[in-house]
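Quick setup: one chain, the form predicted alone, written in structure tokens, and binding and motion questions come after.
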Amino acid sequence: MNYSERLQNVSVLGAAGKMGSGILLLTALEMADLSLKPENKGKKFVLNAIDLSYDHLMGLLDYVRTQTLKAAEKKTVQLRALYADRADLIENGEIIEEYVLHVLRLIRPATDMKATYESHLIFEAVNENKALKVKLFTEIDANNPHTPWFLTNTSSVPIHEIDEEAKLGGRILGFHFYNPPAIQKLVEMIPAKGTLPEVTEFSAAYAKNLRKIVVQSNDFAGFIGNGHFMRDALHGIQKVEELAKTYGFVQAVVMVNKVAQDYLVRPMGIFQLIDYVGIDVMQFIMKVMNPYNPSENLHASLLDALMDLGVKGGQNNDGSQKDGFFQYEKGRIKSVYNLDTKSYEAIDTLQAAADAALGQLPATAIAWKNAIKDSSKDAKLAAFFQSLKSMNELGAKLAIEYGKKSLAIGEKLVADGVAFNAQDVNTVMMTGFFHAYGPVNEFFN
């Protein structure tokens, strides 16, 4: 079965979710383009969108329609070539409209797993729960006569365990998109020890056609991305717990968040990032990873406490941010959660006090949005971090300590064989997390 044949009947599990919707969109566009090639004319292409809620699936179709329209408007020259045999399509608007309809015709929304029983390829983007994944894969494989391949979007569960427990015989590979899949360029590809070579080859071709940057990780819980992020977040949480003894919890959160963003030159502070991912998701991933790392304690009591109070973070269906460590208004932080009072406090006064406690940034400071566009950023970052090393202010000391911890985490991922090399760690953090520089660097030596 060649590449196009493998993509003639595909199912996406969890298709209406945050990750699944992007995976479905990208796959729908790839299938549509394949089906319009002369050699595939007349062949039937089917994309099953599987989710629990039919209402959510209807919302998925609206999302696909909107995004396909945007994609079509950017590739009218390519579409004219694909529709060269259609004399009835003259204007660009007509071609674009036909393409959008073509993509939508491929999709079959369903809440019944039976729709997957004819698929050659299964994308899975359900909860980060090994037992659920194994259950779904086992059911599909038992009822599907085509010995399908499985690409799981898991960001933490070891692939070989799913393979062994679902008895897939190597027909599985970790294919971890970053959120949102339609925009993010990075994919972590994780073959298990028993993954069939042809599954890996197909997945690499698929990623290339989607114009993704692929970093291969070894099959160890958390892989590269969460392997670094979870430990990086735990360091931030530890610093809050230490600083809270002097400054109080809410001010400590604001201080560490500012250090992670402004002093480490990142797109957002560590607690904003935790809110974006979801406190509940963070807690669950740490629970997955912790048993595989007996020499560490990948657990945060602070996350447990917030979960017990119903403070979960994450995102609403419209993409807006839910309340977590922070409360947001039009994407901006407006207040901070106080564990003691179980309420949010306005950030303005807290931020002023935090800034005073941290001290002034040096004149060499560079903002993230400027750094990522600057061809000479490495020299400017080196000068900035060198300035921080020479300062006695609390913010500078916290930043250097945080930078060294981030470096140590990255080096350990390589030493433990999770990442093949330091460059892979840096690529994941720069591409998947939009950091201005990789954690394995010379800045903090």
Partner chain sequence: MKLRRKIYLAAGYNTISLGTGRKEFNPKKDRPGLEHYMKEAGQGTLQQIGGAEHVDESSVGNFMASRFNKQAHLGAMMPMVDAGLMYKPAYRSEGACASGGLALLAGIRSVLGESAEVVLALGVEVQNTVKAIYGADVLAGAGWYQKRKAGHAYFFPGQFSDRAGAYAQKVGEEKSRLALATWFKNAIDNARLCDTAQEYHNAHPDPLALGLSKPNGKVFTDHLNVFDCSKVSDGASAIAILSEEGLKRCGIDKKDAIEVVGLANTVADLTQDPADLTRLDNIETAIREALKSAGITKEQLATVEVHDCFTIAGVLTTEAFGFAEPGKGADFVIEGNTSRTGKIPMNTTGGLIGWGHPTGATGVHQAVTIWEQLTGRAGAAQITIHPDRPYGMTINMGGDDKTIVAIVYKRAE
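Positions refer to the first chain, counted from 1. Note that this is a predicted model, so its numbers are computed, not measured.
One more form of this protein should be noted, the form predicted together with its partner chain, which is absent from this view; the next part is about it.
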4.5 Å heavy atom contact, Glu345 and its partner chain in the predicted bound form: no
Contact flag, Gly93 vs its partner chain in the predicted bound form, heavy atom cut 4.5 Å: yes
4.5 angstroms heavy atom contact with its partner chain in the predicted bound form for Ala142: no
Its partner chain contact in the predicted bound form: Tyr328, any heavy atom under 4.5 Å: no
Of Lys167, Lys114, His120, Arg86, the one that lies within 4.5 Å of its partner chain in the predicted bound form (heavy atoms): Arg86
Contact residue in the predicted bound form, chosen from Arg80, Lys334, Lys185, His299 - any heavy atom within 4.5 Å of its partner chain: Arg80
In the predicted bound form, segment of 406 to 414, 66 to 74, 379 to 387, 41 to 49 with a heavy atom within 4.5 Å of its partner chain: 66 to 74
